[in-house]
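What follows is one chain in structure tokens, specifically the form predicted on its own.
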Amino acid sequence: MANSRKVVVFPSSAELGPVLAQLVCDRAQKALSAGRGQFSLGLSGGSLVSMLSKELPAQPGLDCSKWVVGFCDERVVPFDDAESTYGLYKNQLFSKINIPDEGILAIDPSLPVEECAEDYTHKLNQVFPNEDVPVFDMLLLGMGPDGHTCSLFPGHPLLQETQKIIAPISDSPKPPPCRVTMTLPVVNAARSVVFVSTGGSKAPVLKEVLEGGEGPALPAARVAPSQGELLWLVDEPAAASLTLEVERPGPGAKL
């Protein structure tokens, strides 16, 4: 669905952050006003943690009481480990917003990685009881300089996974090695997928993902929601090599 893909460029992450937070709140409002009873959001780590932790609580009238938050991938480490995505969000964001504890779907890091993935699959199935593949209202994704997203790495067999919704990975090329990750069928089932990519180090891979390269499609390039929207929010340094058509919204613009 390349037609539904939109690439939006901001001068810097300082302008991007508030628009992202506003977009999350807007999609939350749409989900709740559509009568779904909850807003399901998938979070990723990296620079998204500090950006959301700063900008979301600043949104006027923010009400997260009907939000359900999962993780697009997670490192199988204790929650007090600096590598734990849940731990970072717990300390920096969840303590500032009124999301109920039962609305936060965390892994059980005490389990071996295979069992951890099965346990997290069960947790998602409880929240999405009538869906073979969970349909999240919104997934927020990052992208590594190698083109990976979630814990789906270039050339890895997990890119071919079609049966599991959450898969274990014990040989991540980026430490820590043991992780659980959403698979492409879940990512591509979402109603809205938003990539956030900033910084000049991302410029070469962003060009390859968005405009194509000579090798096999990188993991981030394989994200193409079958029914949903796909937004790339990037800053000027990351967009420096792009030649495709992009949007550059003015100050105060909404997406």
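Keep in mind that what you see is a predicted model, and the values were worked out from it rather than measured. The numbering used is simple: start at 1 and walk along the sequence shown.
Same protein, other form: the form predicted in complex with a small molecule, not shown, and the subject of what follows.
*Asks:* Using a 4.5 Å heavy atom cut-off, indicate which stretch of 130-138, 70-78, 158-166, 97-105 touches the small molecule in the model of the complex.
*Replies:* The contacting stretch is 70-78.
*Asks:* Even though the small molecule is not shown here, does Pro57 get within 4.5 Å of it in the model of the complex, heavy atoms only?
*Replies:* Because no heavy atom of Pro57 falls inside 4.5 Å of the small molecule in the model of the complex, the answer is no.
*Asks:* Does Met143 make contact with the small molecule in the model of the complex, using a 4.5 Å heavy atom cut-off?
*Replies:* So Met143 counts as contacting the small molecule.
*Asks:* Is Gly45 part of the interface with the small molecule in the model of the complex - any heavy atom within 4.5 Å?
*Replies:* So Gly45 counts as contacting the small molecule.
*Asks:* Would Met182 count as a contact of the small molecule in the model of the complex, using a 4.5 angstroms cut-off between non-hydrogen atoms?
*Replies:* The answer is no: Met182 has no heavy atom within 4.5 Å of the small molecule.
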